[in-house]
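Only one chain comes next, encoded as structure tokens, the form predicted alone.
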């Protein structure tokens, strides 16, 4: 086998291995926040300003995946192996504020952690997500 062919074969095998490992990362069960997150209360008072500010944060950071209406249909969603949460769905709306905050903060799979946003902004996003309830 030539060195060129061998290099190509090794490259293909490595790419397949990375994809297989990546698939394992994305193939996760239902996303559940830890039990201690459930009872954490939102310390940020809801106001029109908090919700408006959070809507701007969502437009800048979340719309690509979650979509303009929060239903998980953003332009980047089609390329993701795990579809973004539909914030309007009963499953999301049924979660506690602490659970939603924990998921925003920690991320999982293609959902990045958003800890670089201030806690106030992440709690504001929780208030904004609540406004999308059907």
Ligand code: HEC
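Positions refer to the first chain, counted from 1. The structure presented is a predicted model; accordingly, all values stated were derived computationally and were not measured.
Just so you know, the form predicted in complex with this ligand exists too; it's not on screen, but the next bit is about it.
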Fill in: Joint contact, 55, 71 and 132 to this ligand in the model of the complex, by non-hydrogen atom at 4.5 Å
no
Fill in: this ligand contact at residue 61 in the model of the complex, heavy atom, 4.5 Å
yes
Worksheet item: Taking 4.5 angstroms as the cut-off for heavy atoms, does residue 83 touch this ligand in the model of the complex?
Response: yes
Worksheet item: Quick one: does residue 65 come within 4.5 Å of this ligand in the model of the complex, counting heavy atoms only?
Response: yes
Practice prompt. Check whether residue 49 has any heavy atom within 4.5 Å of a heavy atom of this ligand in the model of the complex, and answer yes or no.
Written response: no
Discussion item. Suppose contact means any heavy atom within 4.5 Å; which members of 112-129 contact this ligand in the model of the complex?
Written reply: 112, 114, 117, 125, 129
